[in-house]
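Just the one chain here, laid out as structure tokens, in the form predicted alone.
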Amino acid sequence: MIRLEHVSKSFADIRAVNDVSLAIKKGAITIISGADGAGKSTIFKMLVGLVKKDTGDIFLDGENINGDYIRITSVCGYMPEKFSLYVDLSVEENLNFFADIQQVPRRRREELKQRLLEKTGMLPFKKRRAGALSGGMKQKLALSAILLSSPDLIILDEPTTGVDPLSRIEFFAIIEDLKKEGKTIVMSTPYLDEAEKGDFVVLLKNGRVMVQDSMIMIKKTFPARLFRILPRGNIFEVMQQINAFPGLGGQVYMRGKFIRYMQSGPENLAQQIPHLEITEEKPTLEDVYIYHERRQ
């Protein structure tokens, strides 16, 4: 649906987005993930014209928009990272206000508003001031507001940051329902466990794409063997010992009480680590990120 080709953006001497090419597939959930400052929000702001790109091209349904961002904004709903609704208005008043802005017919508005409040579980709170809502409720209200225009494309910038675990689960259930309705969803998150929920994933670092593909292919083509190791003795002391082994230091990292070892070359050095147990595992997206991040 949307394609970026060699898009870059700098702020003074900071290159926020560096020669990024990526695709957002129609009818799928695409998740862009990376640490703070990786360029996620800047990419979204360029998509909707809030920030002008320096170089590169943006395509919608195969056609270059050539700076005509209305072509994208007319079919999308954009939810920024920071809560941007009116805290002194009630839930229902906020929805009415945004329905007026989006010129939703009154009969259609009431039907949509009722359906969205029910879908998000916000119906019992429609008279509550937005400023008195929890973090998760605020995000569900913001999502409801952008859905009033029935957009085909939904852009969500870190919608679950600062939201409690239960509300995150509820939020992703709503996203899955929207996908089933045929919506195209692109979302950013710094949480790699959340990115696992995407159909397609783009991993960013310092404004560059490290890897992008379907979730299935990213894991299937992981170019290393991964081992989970239960160390013998104190894990911190074992990690210090590992640093003395040639070729091992950059291939291990701690996860809880375990050491994870990525064998990227032909030689398996796992047995050199003092251990009680060694188990080969399939990679998580976190392992994929660490692998590519270390090689950059």
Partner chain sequence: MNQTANAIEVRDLVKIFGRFQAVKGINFNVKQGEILGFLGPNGAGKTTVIKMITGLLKITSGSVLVSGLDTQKHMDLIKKKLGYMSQKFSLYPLLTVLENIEFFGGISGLTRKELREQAARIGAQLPAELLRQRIQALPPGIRQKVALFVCLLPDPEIILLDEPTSGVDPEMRRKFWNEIYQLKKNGKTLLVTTHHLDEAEYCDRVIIIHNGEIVWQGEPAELLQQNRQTSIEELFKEVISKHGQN
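Just so you know, these numbers come straight off a predicted model, no measurement behind them. Positions refer to the first chain, counted from 1. Rigid core (definition): largest C-alpha set, two forms, superposition within 1.5 Å.
Although it is not shown, the form predicted together with the partner chain is what the next lines describe.
Student: Between D199, E170, D152, E111, only one gets a heavy atom within 4.5 angstroms of the partner chain in the predicted bound form; which residue is that?
Tutor: So the residue touching the partner chain in the predicted bound form, by this definition, is E170.
Student: If you check V163, M122, I185, V209 against the partner chain in the predicted bound form, which one has a heavy atom within 4.5 Å?
Tutor: Answer to the contact question: V163.
Student: Taking heavy atoms only, is T284 within 4.5 angstroms of the partner chain in the predicted bound form?
Tutor: Yes, T284 lies within 4.5 Å of the partner chain in the predicted bound form.
Student: Taking the shortest heavy atom distance, is G256 within 4.5 Å of the partner chain in the predicted bound form?
Tutor: The answer is yes: G256 has a heavy atom within 4.5 Å of the partner chain.
Student: Residue-level contact is defined here as any heavy atom of the residue lying within 4.5 Å of the partner chain in the predicted bound form; does A35 satisfy this criterion?
Tutor: Yes - in the predicted bound form, heavy atoms of A35 and the partner chain come within 4.5 Å of each other.
Student: Closest heavy atom of V252 to the partner chain in the predicted bound form, within 4.5 Å or not?
Tutor: Yes, contact at 4.5 Å.
Student: Has each of L117, D177 and K180 got a heavy atom lying within 4.5 angstroms of the partner chain in the predicted bound form?
Tutor: Heavy-atom distance to the partner chain in the predicted bound form: none of the three under 4.5 Å.
Student: Which among 56-64, 263-271, 228-236, 22-30 is in contact with the partner chain in the predicted bound form, heavy atoms within 4.5 angstroms?
Tutor: Among the candidates, contact is made by 228-236.
Student: What are the residues of 271-296, in order along the chain, with a heavy atom within 4.5 Å of the partner chain in the predicted bound form?
Tutor: E277, T279, T284, E286, D287, Y289, I290, E293, R294, in sequence order.
Student: Superposing on the rigid core, is the Cα displacement of L276 between the shown form and the other one 2 Å or more?
Tutor: Yes, because once the rigid core is superposed, the C-alpha of L276 moves 2 Å or more between the shown form and the other one.
Student: Once the core is superposed between the shown form and the other one, does L60 show a C-alpha displacement of at least 2 Å?
Tutor: The answer is no; the displacement is under 2 Å.
Student: If I superpose the two forms on their rigid core, does the C-alpha of L226 end up displaced by 2 Å or more between the shown form and the other one?
Tutor: Indeed, L226 is displaced by 2 Å or more.
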